[in-house]
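Here you get one chain, nothing else, as structure tokens; it is the form predicted on its own.
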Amino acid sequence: METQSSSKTNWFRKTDTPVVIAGPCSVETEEQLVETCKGIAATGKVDMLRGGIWKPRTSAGNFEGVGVAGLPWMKRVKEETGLPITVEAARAGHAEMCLAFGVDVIWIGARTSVNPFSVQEIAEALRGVDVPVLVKNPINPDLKLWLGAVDRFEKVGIKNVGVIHRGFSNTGEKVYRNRPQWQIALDFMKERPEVPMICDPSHICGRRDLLADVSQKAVDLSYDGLMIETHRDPDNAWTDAKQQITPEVLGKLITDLKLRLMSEGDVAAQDSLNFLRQDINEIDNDILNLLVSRMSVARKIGDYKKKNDITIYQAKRWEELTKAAKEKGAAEGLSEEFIDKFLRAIHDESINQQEQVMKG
């Protein structure tokens, strides 16, 4: 895929090719940052450099970034590569320091966007300043919270606001670091189609072997760009080593992306329908994931019943379940016949799963 960075003076403007943002998860040393960013720039596939200066961490004592000391290094790579730079701000003071060092775009992390007070404080620090802002989705799947964070920046006069889809925390997730839940991002795009949507496959995947597939899916869904964590020596990165890739791998990943562009007339005719169909696909995937989780619990129940000599079929439990489901379904416009068939299919498979455990 060819990225025409020279034509993207206003990178928020939607173009025929996705904007690519790349750089290390954490700015570690000046040498590491400069070498990584020069390698990224040499690919000719990247429009903006990112770097984590302040790193909100789960546990105390983990590396939390070099802080303001890294901002002159970011300014240096901007000057030496000619590419704009973006840095995460988690506090109002961070945003002010970013402005002082000529950071072109400020992004708001998922741990910050979940807190309206923190978002408002940063927004106030940027009031009256013409700087683009990117808002990552909150760690929990809350569309209104995400929309609200964008609204706070717009209300203080920020004209260029975009968003980053980086996935959502889910304790039952087995494949991704953060479950994509694509339909939430698609819902955002339907609510605010004029707001650019960037995908962060690094944080969705948590592992580099999934990056290409998730990046391609974002492109297929007409996302406006990608933010991919890139490091000169990913295996020895100080943070998130498993999800980072080298500049060379990044260049190949971007080159291998397949763009599926339609004519302008086709877009006008099919856009809404395609969004709805994609919603169906993603919801179906979520339903299947939930069914897998449900059957896992059913097997645990079967094991408990086996150890305690309890019969598999519990009539009272079944009656309570079906009654509650039919009432809820009727309230939402679903027919009793559909709910009955749906529950019976799930119940039959649950019984089957429990029987397998009992026989084992």
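All residue numbers refer to positions in the sequence shown, first residue = 1. All figures in this text were calculated on a predicted structure; none of them were measured in a lab.
As for the form predicted together with a small molecule, it is not shown, yet the points below apply to it.
Contact annotation: the small molecule lies within 4.5 Å of heavy atoms from the stretch 107-115 in the predicted bound form, the single such stretch among 107-115, 154-162, 77-85, 92-100. Proximity of Pro56 to the small molecule in the predicted bound form falls within the 4.5 Å heavy atom cutoff. Proximity of Cys25 to the small molecule in the predicted bound form: non-hydrogen atoms within 4.5 Å are present. In the predicted bound form, the small molecule lies farther than 4.5 Å from every heavy atom of Arg232.
Using a 4.5 angstroms threshold between heavy atoms, Arg50 counts as touching the small molecule in the predicted bound form.
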